[in-house]
Structure formats: structure tokens, C-alpha cells
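Just one chain follows, in the form predicted alone, and it is written as C-alpha cells.
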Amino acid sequence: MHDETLYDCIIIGAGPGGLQAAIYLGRYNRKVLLIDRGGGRTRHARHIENFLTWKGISGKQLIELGLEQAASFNVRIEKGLVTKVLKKGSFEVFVGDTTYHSKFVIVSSGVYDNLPSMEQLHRFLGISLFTCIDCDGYKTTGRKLVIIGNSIKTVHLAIAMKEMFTEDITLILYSDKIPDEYKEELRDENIRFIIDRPVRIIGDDTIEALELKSGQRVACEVIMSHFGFKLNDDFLSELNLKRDRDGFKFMVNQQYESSLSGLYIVGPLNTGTDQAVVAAGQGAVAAIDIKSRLLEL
């Protein structure tokens, strides 16, 4: 099926960036379609405390309020999974059996975390098990912390968290790959490190310890998991967009437009900082730029 409407902009993903862009473009009385698959990293955040004017709000509340606000400005909202985006003059956005058309596209489809396999992880995820120092590092202040990961960047994370948040840190690495000078630095910082794998979180209402494959139990109150994330970007595979030197994130300009004219990427898929409040700002910038270009058209 083809939706014969030519939208001014189709927004893919109801993350903070996509919603902020939708609100701006809706307020410009533009024809906007927002397509969201549901779920998403922000929606699963239990407590967001660093968003201006919100002392504390859940990601679910933030997204639902954003959807309501966008709809109030006549943004059309559809639930669906985008499987492909093409550009043939205008953009073609494929969702199931339906093809939509637009002059511009904003991608705000986000990422999902690589999480370790261990019992009770989802029970504590977002409450006392975290994946982002900028989002939740503050919640480890003065508490007994375990950091798990498997890279030199995880060592850097442990040292940074000791400087900012807590003196009581145990670092658990999956394999003994780090150079001797990094081990020496950990000893100098009095950060205990163990080579092992976590298998189970111990505790009912609160975390009490982390059980390792060897049977050892490490007492802790909070856990920081550091295994990176994957991009929700499969639907962009046919566009040959420019990526960073690692071939991972997408390159964008100051208005968050990708290497393909008319296609903007906001949020953690681009090379900027991964934060809800930052993504919202990027969405506003992209929408304002699209407004100007629509006026030129």
C-alpha cells in the first residue's frame, strides 16, 4: 500500500530527539508523521534526574508526555517498525506493507545496550544496575560499587568513577587483556580488580552481592555494566551514509544532517554525546533547519 500523502517530514523513533523535533515542526503547522516501534532505551529508564525542570521523571513518563504534546500540534503518530528508507526524489519510508513519502526524514531510532547474561539483571536494571556514567553515575555516590566490562575503556571508567563518585570500587573484567601499566594504575588508585564472569545478582529488594562463575561473591550495593551498545540502524543499510572512522556511528553536520541531503540523525546514532537532554536539543536544531529549508522550497 502507498500513503499518497507527501509529508514535510517523517520522524523515525519517539525518543527525546524525535519528539522534540515533532513538537517544533508541528508548531510550524507542517505535515509531520512520527513512526515509533515502541519500547526504546529512554522508555526503560527508571529515573531521569538531569533533564531541566524535572527533578525526577521516568523515561516512560517523559516519552508519553512527549507523544501527547506532539499530538496536540497535529503530528500524526503511527506505531510500526520501519524496515527500509530510500531516496528517489522524495524519501520513501517502508513500514510493513505501507510506503510513506516525505521531503525530509529525521532518524531518532536510538540504541540498545549490550547486557551481560546473569540472573536477576532485569530486576535491578535502572534501579541499582546502570549502564551510563552520565545518566546514573551520581546514584553510586558513596556506595559500594562493582564495575563489570572487558576493555581498557572499562579501566578508564573505574578510575573516573572513583574520582567523582565513590572510593569503594571493585572492577571485574572478563579476561586478562589489560596491559601491566593499567593494572599498576588500578593498584595505585586502590581499585580492586578481579578476572572472572558474573553469573547472578544476589538480593531481593536491594543488591547485596554479585556472584561470579568461580563461586566467589563480591559484596556491593550498585553495579555499573560497561559493554557498549548496538545501533537501531538496520533500516538505513541501503543509503550508504558516511560513518565515523570506526565505521560505527553516523557523521552529521552542525544541524545534524547526515551525508545524505535531507536526512537528519539525532540522538546516540550520531557522534555526539548520548543523553536525553542532548538528543532533545539536537531534535530542535534539526527541526528549525528543516523549517528554513521548507520555506526555501
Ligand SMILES: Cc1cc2nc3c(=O)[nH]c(=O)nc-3n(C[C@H](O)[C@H](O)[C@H](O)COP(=O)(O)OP(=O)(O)OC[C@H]3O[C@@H](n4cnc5c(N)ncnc54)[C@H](O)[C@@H]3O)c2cc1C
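Keep in mind that what you see is a predicted model, and the values were worked out from it rather than measured. Residue positions are given as counts along the sequence shown, with the first one as 1.
Just so it is clear, the following notes concern the form predicted together with the named molecule, a form of the same protein that is not shown.
Although the partner is absent here, Phe250 is not a contact residue: none of its heavy atoms lies within 4.5 angstroms of the named molecule in the predicted bound form. By the criterion of a heavy atom within 4.5 Å, Asp136 is counted among the residues contacting the named molecule in the predicted bound form. In the predicted bound form, the named molecule lies within 4.5 Å of some heavy atom of Gly80. Taking non-hydrogen atoms only, Glu49 approaches the named molecule to within 4.5 angstroms in the predicted bound form. Along 247 to 284, residues Val266, Gly267, Pro268, Asp274, Gln275, Ala276, Val277, Ala279 each place a heavy atom within 4.5 Å of the named molecule in the predicted bound form.
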